[in-house]
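Below you'll find only one chain, the form predicted alone, shown as structure tokens.
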């Protein structure tokens, strides 16, 4: 059974690593639903959070293949209960006081106000951001951008160690 899976990679932080990892997805016929990459607390490494649809057996096979890339230091399939979040900026036009009210009621941050638009920042789960998009649907949504999912293991489990 296919389901959304989250893979977390620790990779060397230099040009070309992203291309080598994503080309493996292409060769295997995977569609990447979401990909986030950023430097870790150790500047020589980056963390990639990759969301794809697939069954556990196929994902485990992919992880064993990705670990063969010299620049990939660690790779894990994150559990369903991982700490997950996404960021969205949404630019809307309409009744400014009503837009501000929706933002305030949902603990969102207004990042920009002009004569014609308000840009709001939302952070949360995929489901929360879908709900926020629906709430702002009563106004004219001019632009919307999302970062994609980023995630960490819960508790004392972590990927980046001094022994990498």
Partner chain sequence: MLITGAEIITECLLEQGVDTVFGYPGGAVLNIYDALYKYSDKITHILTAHEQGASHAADGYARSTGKVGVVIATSGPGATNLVTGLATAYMDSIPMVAITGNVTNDLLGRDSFQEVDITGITMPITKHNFIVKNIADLANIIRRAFKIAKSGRPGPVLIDVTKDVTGAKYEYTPMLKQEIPVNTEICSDTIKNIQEILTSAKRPLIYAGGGVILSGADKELVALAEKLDCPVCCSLMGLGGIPASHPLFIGNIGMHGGYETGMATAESDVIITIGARFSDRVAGDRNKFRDGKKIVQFDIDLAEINKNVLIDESIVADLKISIPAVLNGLKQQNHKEWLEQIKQWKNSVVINREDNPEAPPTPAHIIETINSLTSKNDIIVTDVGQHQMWVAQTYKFENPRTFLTSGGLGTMGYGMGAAIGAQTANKDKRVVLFTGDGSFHMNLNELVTVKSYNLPVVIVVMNNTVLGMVRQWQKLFYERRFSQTDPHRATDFVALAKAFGIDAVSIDKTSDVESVLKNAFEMNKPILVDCHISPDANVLPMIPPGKSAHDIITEMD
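Positions refer to the first chain, counted from 1. From a predicted model like this one, the values you see are computed outputs, not experimental measurements.
There is another form of the same protein, the form predicted together with its partner chain; it is not shown, and what comes next is about it.
Enquirer: Using the partner position in the predicted complex, report whether residue 112 sits within 4.5 Å of its partner chain, counting heavy atoms only.
Expert: Result no; residue 112 lies far from its partner chain in the predicted complex.
Enquirer: I'd like to know if residue 12 sits close to its partner chain in the predicted complex, meaning any non-hydrogen atom pair within 4.5 angstroms.
Expert: Yes, residue 12 lies within 4.5 Å of its partner chain in the predicted complex.
Enquirer: Taking its partner chain as it sits in the predicted complex, is residue 39 in contact with it (heavy atom to heavy atom, 4.5 Å or less)?
Expert: Residue 39: no, not in contact with its partner chain in the predicted complex.
Enquirer: Would residue 20 show up as a contact with its partner chain in the predicted complex if we use heavy atoms at 4.5 Å?
Expert: Yes, residue 20 sits close enough to its partner chain in the predicted complex that at least one of its heavy atoms falls within 4.5 Å.
Enquirer: Among 53, 116, 125, 65, which has at least one heavy atom within 4.5 Å of its partner chain in the predicted complex?
Expert: It is 65.
Enquirer: Taking 4.5 Å between heavy atoms as the contact cutoff, choose which of 60, 95, 44, 33 touches its partner chain in the predicted complex.
Expert: Contact with its partner chain in the predicted complex is made by 60 alone.
Enquirer: 131 to 139, 117 to 125, 65 to 73, 96 to 104: which one contacts its partner chain in the predicted complex at 4.5 Å, heavy atom to heavy atom?
Expert: Contact criterion met by 65 to 73 only.
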